[in-house]
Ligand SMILES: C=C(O[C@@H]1C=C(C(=O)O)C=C[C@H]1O)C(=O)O
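Just the one chain here, the form predicted alone, laid out as C-alpha cells.
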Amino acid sequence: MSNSSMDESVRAELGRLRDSIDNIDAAVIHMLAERFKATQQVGHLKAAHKLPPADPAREARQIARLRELAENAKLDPAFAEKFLNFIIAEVIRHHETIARA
C-alpha cells in the first residue's frame, strides 16, 4: 500500500468518524433543547405554586442516577456529574428568572 492510498484511507476514516461526531453533537443539542422546554414548564409550575426554584433532594437523586448511568455506559461519572451540575445551575437560573417575572 502506498503512502498516498494510506493517507486517503485515513482521511476517509477521519471524515466518517467526524460525520458521526457531528450527528451526535446535533442530537445532543436537540435533546438539551427538549430538556430545557420541559424544565421551563417545571419553572412555571413552581412559580405558580410558590415553590422554590431549586430542589436539592431531587438534584442529589439525579446526580446519583446519572453517575450510575455513566458508569454503566463506560463514561467517567465525575464528568457526568459536572455536566449535570452545569445543566442544573442553568435550570435553577431559569426558574429564578421565571419566579421573579
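All values reported here derive from a predicted model rather than from experimental measurement. The first residue of the shown sequence is 1; numbering continues from there.
Below, we refer to the form predicted together with this ligand, which is not included among the displayed structures.
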With the partner left out of view, is His30 within 4.5 angstroms of this ligand in the model of the complex by any non-hydrogen atom? no
Using a 4.5 angstroms cut-off on non-hydrogen atoms, would Ala70 count as touching this ligand in the model of the complex? no
With a 4.5 Å heavy atom cut-off, would you call Ile88 a contact of this ligand in the model of the complex? yes
Within 4.5 Å, heavy atoms only: does Lys37 come near this ligand in the model of the complex? no
The unique member of Ile63, Ala47, Leu75, Ala54 whose heavy atoms fall within 4.5 Å of this ligand in the model of the complex: Ala54
Sequence order please: the residues of 14-33 with a heavy atom within 4.5 Å of this ligand in the model of the complex. none
